[in-house]
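Just one chain is shown here, as structure tokens, and it is the form predicted alone.
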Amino acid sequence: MLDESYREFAEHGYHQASINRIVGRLDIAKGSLFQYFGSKEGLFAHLFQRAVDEIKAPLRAIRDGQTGEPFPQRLKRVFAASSAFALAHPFLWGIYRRMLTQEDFPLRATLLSQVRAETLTFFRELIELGQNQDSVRADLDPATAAFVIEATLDRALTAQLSPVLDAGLGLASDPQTRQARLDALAEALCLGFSVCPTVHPAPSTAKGDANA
């Protein structure tokens, strides 16, 4: 029932999704579905919360396990786990993308605020853990870093399912290439883009220097 419901919302969006189509494919009475969820909105809210709970489990395991693991390696594993989840649940990812683009999606503000808050909290805690391990700069603002990581990951997960949005990076390519590009994105976030300024030695003032 849940799998068919995911498929229906992903393919048709909320407003065009049909409970009749869902129960028709399952060959069950409509009342059976409403008995559990009360309404189409109740069904959708349940699906969304179930999906959030499913993705949180492997990410928590990465954050809380192997406490001595350096931040860069931990972030690569988060990217890999998130990628695998999105690829394994295409209907779920389709629902999420529709919700982002359709402002009249029911519960849109509530559900997106929830998932954003939980995601940003997760990455902020991951940054703070890295700072405690001395594998992340102590002067880095965790909230700002969490925003940048979340935005990068969200864009990468969208690109891996769309060659057009991938724009040649390789995320929508074969698994080996995709993993290499995800690792490269994680490394870029860890390293940053600026070259630290070099401290040049003071000009020589040795005796006999004409400019001394």
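Here the structure is a predicted model, which means the values were calculated and not measured. Between two forms, the rigid core is defined as the largest C-alpha subset superposing within 1.5 Å. Residues carry their position along the shown sequence, with the first being 1.
Keep in mind the form predicted together with the DNA is missing from the figure; the text below concerns it.
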- Contact residue in the model of the complex, from 30, 60, 155, 50 (heavy atom within 4.5 Å of the DNA): 30
- Query: Quick one: of 144, 176, 35, 67, which gets a non-hydrogen atom within 4.5 angstroms of the DNA in the model of the complex?
  - Reply: 35
- Note on the structure: Counting only non-hydrogen atoms, the one stretch of 50-58, 22-30, 180-188, 146-154 within 4.5 angstroms of the DNA in the model of the complex is 22-30
- Task: Flag residue 10 as yes or no: does it have a non-hydrogen atom within 4.5 angstroms of any non-hydrogen atom of the DNA in the model of the complex?
- Result: no
- Query: Any CA movement of 2 Å or more for residue 38 between this form and the one not shown, core superposed?
  - Reply: yes
